[in-house]
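Next up: just one chain, as structure tokens, the form predicted on its own.
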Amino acid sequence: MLGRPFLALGLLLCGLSAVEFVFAALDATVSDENWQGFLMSAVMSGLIGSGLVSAFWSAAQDRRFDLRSGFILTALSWTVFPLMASLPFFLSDLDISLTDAVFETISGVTTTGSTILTDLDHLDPMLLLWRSVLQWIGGVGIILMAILMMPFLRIGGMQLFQLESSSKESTLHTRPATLIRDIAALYVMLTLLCAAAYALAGMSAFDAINHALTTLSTGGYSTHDASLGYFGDARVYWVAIIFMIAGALPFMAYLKTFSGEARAFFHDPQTPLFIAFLAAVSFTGALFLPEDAGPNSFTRVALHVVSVTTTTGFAAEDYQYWGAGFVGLFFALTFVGGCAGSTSGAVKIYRFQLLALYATAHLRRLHSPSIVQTQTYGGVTLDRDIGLSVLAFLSLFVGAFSLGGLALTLTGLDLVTALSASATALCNVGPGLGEIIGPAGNFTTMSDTAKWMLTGLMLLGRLELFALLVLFDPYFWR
């Protein structure tokens, strides 16, 4: 029964090997700088992957896939795959440590976007494309995990989004194979549209492709040290805004729309609030932007509000110079996130909505103890299990953020840097606050201990906490 997760991991590593072989060929043709590293990585990934497939092939005959297998597969996929995918960085001419290579890769696959690399403008283009592809793969993996795995694992209220809860009138096919095919096709289509829009906005073909890969995945890796500020063009900013929002919307709503449910986005309780929230914060922020901050106030504020809220992490300038109020605003936005079933991280809109519903119900019970209340969300009746799941997630989230910040201060970081680093890693956002890891900095000067802590927090946040922590419970293995 437990052989199926290892069989799936083997197939995943074989797929990684095939992609690395393609990059080896491209690098040998285009830049001839790091093709040996890609080739060696492909061979190692292929050997391990094929070995797992051979060892556990008999598990393919076992159709059972229980809760324990789901947790193991989720944890294996998001730990072993990034470790193997870090080899092209480690074996390249970047001359970076294994710690830095793993940090960069985990940050990419989890679509966090924190980086230890500098001088991106002169980096081997195939390495730039590799880190963009890692974010793109991580983005579609996150969508599939959120739709197929997280409701099954009943983590943090995600059971609300089980496929069975779709309306009976829906014409959407919910078989896993069909769903995976449709999501992949949609993801590719949106990425191509984003790349075309960037090209029309003035980007080169290479920049357009890379930024499209990291915009839809809400990852935020750029091909330039100045991120989107390198282009300084409002057209580029608005393409980024539109497609960052597109990546943070529920992908099931896209599929329902294409299957004939024209009002699928309006029927999803997350989407209207999410869009209204982004618009309200952007307009309000533009009103309070200092007069000496320059022109295009709404565009600049909206870009950074959308970037941080959707956990993308693109930046066009250092917004810390806008004043203390904006520093506090962007720190708060770090925790918000997009919709369930999207590529974004953090707490996510639906959990705030559920928290408000349960808080309101509790408030009413205080003054009317005998009141009978039936809470619903998106047409689903809320039960005690969902409420406990959400509250447990939020409690553990706050605890992980606080302990992470405390642990980082012990490595010598100041309190602002430590807390913002803990938040940006756990929420998979990217840039933090302060001189070191702010929008104009990066994580290269941090100690190896701090980087491994942040790597763990990135994985913990991406796997919705419980999917990873449950493996440390002795009762899980009994």
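Fair warning: this is a prediction, and the values are worked out from it, not measured in the lab. Heads up: residue numbers just count along the shown sequence, starting at 1.
Not pictured, yet referred to below: the form predicted together with a further copy of the same chain.
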Contact flag, residue 235 vs a further copy of the same chain in the predicted bound form, heavy atom cut 4.5 Å: no
Heavy atom of residue 122 within 4.5 Å of a further copy of the same chain in the predicted bound form: no
Residue 409, heavy atom within 4.5 angstroms of a further copy of the same chain in the predicted bound form: yes
is_contact(residue 263, a further copy of the same chain) in the predicted bound form, heavy atom dist at most 4.5 Å: no
Option from 421 to 429, 27 to 35, 439 to 447, 66 to 74 whose residues, in the predicted bound form, bring a heavy atom within 4.5 Å of a further copy of the same chain: 66 to 74
Interface residue in the predicted bound form among 202, 290, 176, 328, criterion: non-hydrogen atom within 4.5 angstroms of a further copy of the same chain: 328
a further copy of the same chain: the contacting residue among 180, 153, 96, 286 in the predicted bound form [heavy atom, 4.5 Å]: 153
Any residue of 390 to 404 that, in the predicted bound form, places a heavy atom within 4.5 Å of a further copy of the same chain: 391, 392, 394, 395, 396, 398
